[in-house]
Structure formats: structure tokens, C-alpha cells
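We begin with a single chain expressed as C-alpha cells, specifically the form predicted alone.
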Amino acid sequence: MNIAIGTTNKAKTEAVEVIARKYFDKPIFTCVKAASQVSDQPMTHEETRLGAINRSKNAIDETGAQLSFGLEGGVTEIDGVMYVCNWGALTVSNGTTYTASGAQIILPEEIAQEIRAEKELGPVMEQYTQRRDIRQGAGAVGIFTQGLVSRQMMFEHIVSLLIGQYLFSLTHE
């Protein structure tokens, strides 16, 4: 099965590859820098979800794959408290798209203030931790859960939800 992944981000691509290999026989992966067509820093669930959908659809259009995944990280505010939010989309070659959301955790107020000042979470986290490529590895979720949940693990959960919906649809057409 040919599977497109609408990113080259290591945490996202590895999440798709690890989970897809469990459910599909000999998948072939093609990673492309698919456009999200949303802000560099999505600020709502709706915008983050749309970014995942756009990445998935753009990747399948670009590659002609049988399945395509789009994963997007963002933030959202509830009652003045900022949370990390993450969404995924799986697009099938017939045009059907499934979506799912993942875990959310509160961002410390000092980080939230930087995001409200129109900065992107990835660079803010690099400055906060004095480490490079946070979004390729642990991610904010990994930092703020003391490594108990990494960004890849969080996206693996979303990919599992997406593949589960797809497999369910195959048995209930």
C-alpha cells in the first residue's frame, strides 16, 4: 500500500510509520512537505483540524497514494488557559477523509504569553528549553509531561484513531 505523509517532521512521520506498519502489509511511505494552508501557529481547534485536513488532501493530490496522513499541532484557549492541541486527518484515494484529535495539556502561562504575542510554539520551546529541534522530538507535550508522553507518542495515538476509523469503514460499507 502506498501511503503519503504530508510532512517531513520526524515525530510525525515516525508516528505514521510505526502505527501503519501494524495494520498494513509492506506499506511504502512517501513524505512530502504538504501545505497546511493555515497559520504557522494555529490558534484554535478548528484551524488546527483544517491544517491537518489540508496537509492530508494536498499530500494525496501530490503523490497519488492510496492513503494520506496529515498531522497538525496547534494551541487553543479555554477560559483564558492555553492548551496544546493536535489533530490528524487520513484521506483515502476515493476522497473520503477521517479526522481525530489527541491529548491536550495546559501550557505554562509564560509560554502562553509568548504565543499570544504571535510567536510560534516550536521556537518558543527551543528558547525555553535551550534545546534545538523540540518539535522533531519530544515536543512541548514531552517537555511538560517530564518525558512520559512524547510528541511522537501523542501522534501515534491520533494515527491509531484514524486507521481504526478507516478499517471500521471497510467492514461497514
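Values in this document were obtained by computation on a predicted structure and should not be read as measured data. When you see a residue number, it is the position in the sequence shown, counting from 1.
FYI, the form predicted in complex with a small molecule isn't displayed, but the following is about it.
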Could you tell me if Pro27 has a non-hydrogen atom within 4.5 Å of the small molecule in the predicted bound form? no
Proximity of Glu120 to the small molecule in the predicted bound form, heavy atoms at 4.5 Å: yes
Does at least one non-hydrogen atom of Gly73 fall within 4.5 angstroms of the small molecule in the predicted bound form? yes
Quick one: does Gln41 come within 4.5 Å of the small molecule in the predicted bound form, counting heavy atoms only? yes
